[in-house]
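Take a look at this single chain, the form predicted on its own, given in structure tokens.
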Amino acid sequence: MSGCEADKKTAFSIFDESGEICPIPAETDYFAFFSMPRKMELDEFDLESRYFKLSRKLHPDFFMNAPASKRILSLEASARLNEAYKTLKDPIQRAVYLVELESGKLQENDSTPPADMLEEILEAQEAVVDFKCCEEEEQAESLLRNLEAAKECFEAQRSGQRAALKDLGERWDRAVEAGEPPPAEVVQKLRSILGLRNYIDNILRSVQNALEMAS
């Protein structure tokens, strides 16, 4: 099996036996690109080392005098390399990417918040709007306290999400290490948590901006 024909689920060699850059199939995933397992927890130093090693070999400066076809392959491979590294080095982006590999694309707000969370989000949004429009000092102080409480509440929820992601990620990795697919229950729970993350991030950003106005 040549380097260009390697099993894309485990590895993909960017260079063939003669050292020439291989075209990278669209279906080649980022983990195969770095010859790393599809795990939630990665050795970040190892990932970085592999990235810089490949980056040096693929740098377009080395192909300035090469035929146009080789220059194009270098540019395309460098772009894919940078995209892959940017995704895998961030734990949340890596988790999203893995879940999407297993179960399809996640939309920005893929899950509907539970009723109690949705109510809290709507109340916080209303407090933000009221605070920005408020001209009465006493009412503004009351709204400010509400915003501070909302910030604390949503930060606690985000911490809870991170703890859940860590636990589910460990279960995912144990399955991979055992040569098994990630459990469907784990994939679904991760999908739900990751699908809700933008709701909390967005409302926290709005609350924080309003609090900064008051400082």
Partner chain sequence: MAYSDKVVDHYNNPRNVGSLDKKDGSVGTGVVGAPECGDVMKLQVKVSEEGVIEDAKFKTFGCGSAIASSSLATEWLKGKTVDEAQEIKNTQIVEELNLPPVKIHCSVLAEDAIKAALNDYREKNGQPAVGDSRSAV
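Between two forms, the rigid core is the largest collection of C-alphas that superpose within 1.5 Å. Numbering follows the first chain given and starts at 1. The structure presented is a predicted model; accordingly, all values stated were derived computationally and were not measured.
The following text describes the form predicted in complex with the partner chain, which does not appear among the structures shown.
Heavy atoms of Ile121 reach within 4.5 Å of the partner chain in the model of the complex, making it an interface residue. Taking the partner from the other structure, the partner chain in the model of the complex has no heavy atom within 4.5 Å of any heavy atom of Glu141. Residue contact with the partner chain in the model of the complex: Ile203 places a heavy atom within 4.5 Å of it. Proximity of Gln93 to the partner chain in the model of the complex: non-hydrogen atoms within 4.5 Å are absent; the residue sits far from the partner.
From the list 133-141, 85-93, 70-78, 112-120, the contact stretch for the partner chain in the model of the complex under a 4.5 Å heavy atom rule is 112-120. For the three marked residues, Glu41, Gln157 and Gly160, no heavy atom of any sits within 4.5 Å of the partner chain in the model of the complex. Within 4.5 angstroms of the partner chain in the model of the complex, the stretch 186-203 places a non-hydrogen atom from each of Gly195, Asn198, Tyr199, Asn202, Ile203, taken in sequence order. The rigid-core alignment places the CA of Leu101 less than 2 Å apart between the shown form and the other one.
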